[in-house]
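The chain below stands alone and is given as structure tokens, in the form predicted alone.
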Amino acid sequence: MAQILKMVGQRLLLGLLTLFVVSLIIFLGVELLPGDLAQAILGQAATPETVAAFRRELKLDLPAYERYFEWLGGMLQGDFGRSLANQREISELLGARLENTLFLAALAAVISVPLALTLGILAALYRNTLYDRTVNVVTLTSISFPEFFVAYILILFLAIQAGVFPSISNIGPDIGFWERVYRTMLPALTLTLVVVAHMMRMTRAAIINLLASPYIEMARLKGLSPSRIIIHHALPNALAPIINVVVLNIAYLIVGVVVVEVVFVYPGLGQLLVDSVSKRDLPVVQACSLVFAMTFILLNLLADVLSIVTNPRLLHPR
């Protein structure tokens, strides 16, 4: 137990260091954007005095390192600042949008994870059969297309022609849970088609790799059925790489939703990021980017810890 806690502490410190570097990259990336932010917001008709006063209000007259540490200190205290577009608290904007993004990612994970594990186990069970080849071709084809292309294909067939789901995911706090699931189904299916291939192929590869182990050969010699061998003997020992790829794909479901949310006009964090870029609302852009980075780093940390905990050879190294 002490070894696990030590390992988690090391990974957590490394995650904090990574997050600090990412915050610096985000700030410098915004800082190096061409043009004057105050001039862009006020327009070309603004007088130099008005632009100078607005720059002082935004603290753009301070050195970059002072503004960075002030911004980072505010972030550590939960103060994301105010939006330049509507003067609302950024934390208030992020709250509802992050909840919507997490709901979309959770719905896609509920669909994709069991589907990928089932397809991967069956592909390992019926290796080199027509089913195995068909599943590999279909999943690789779906992952080869860009997300927006998959989204438009689903809109064409499931929303326009079949009329099963709405083409725009218009959700709000006043709608019920199942109505929210119904309106979010198309973007969730898009994300499912994008990530299921990774998890399915990793499950298949991990199980097939273990099927050549001596204890699997012994189980075959004892007369156990192939399904029992895979489910009760191979799958538990293949959990480490499977859990790793599942958690990493869940991280992608959260931070990779920008294009999907824009296509379906889904009111999530990705849509907020794109809207803020178009309005040059840089404090919101910085906050959204940092939240995405923090989520991805935490889920990578979780994947690292789970892969070690579920693998005795990593948990008790010699």
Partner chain sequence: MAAALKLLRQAPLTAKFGLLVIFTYIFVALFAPAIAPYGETEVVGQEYEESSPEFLLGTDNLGRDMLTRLVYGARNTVGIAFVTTCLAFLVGGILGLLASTLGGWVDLGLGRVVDVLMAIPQLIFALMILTIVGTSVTSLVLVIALLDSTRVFRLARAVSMNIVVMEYVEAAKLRGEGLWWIIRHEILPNIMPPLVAEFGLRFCFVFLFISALSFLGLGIQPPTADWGSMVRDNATLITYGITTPLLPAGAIALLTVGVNFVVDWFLHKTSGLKE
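Under this definition, the rigid core comprises the largest set of C-alpha atoms superposing within 1.5 Å between the forms. Just so we're clear, the structure is a prediction, and the values are computed from it rather than from any experiment. Numbering follows the first chain given and starts at 1.
Beyond what is shown, the protein has a form predicted together with the partner chain; the following relates to that form.
You can rule out all but one of 138 to 146, 89 to 97, 237 to 245, 189 to 197: in the predicted complex, only 138 to 146 has residues with a heavy atom within 4.5 Å of the partner chain.
The candidate site formed by 182, 302 and 305 is entirely out of contact with the partner chain in the predicted complex, as no residue has a non-hydrogen atom within 4.5 angstroms of it. When the partner chain is considered in the predicted complex, only one residue from 72, 121, 208, 158 comes within 4.5 Å through any heavy atom, namely 208.
With the partner removed from view, the residue among 62, 265, 277, 52 that has a non-hydrogen atom within 4.5 Å of the partner chain in the predicted complex turns out to be 277.
In the predicted complex, the partner chain sits within 4.5 Å of a heavy atom of residue 22. The partner chain is not shown here, and in the predicted complex it never comes within 4.5 Å of any heavy atom of residue 76. In the predicted complex, no heavy atom of residue 250 sits within 4.5 Å of the partner chain. When contacts are judged by a 4.5 Å heavy atom cut-off, residue 164 does not count as touching the partner chain in the predicted complex. Contact residues in stretch 251 to 271 (any heavy atom within 4.5 Å of the partner chain, taken in the predicted complex) are 255, 258, 259, 262, 263.
For residue 295, a C-alpha deviation below 2 angstroms is recorded between this form and the one not shown after rigid-core alignment.
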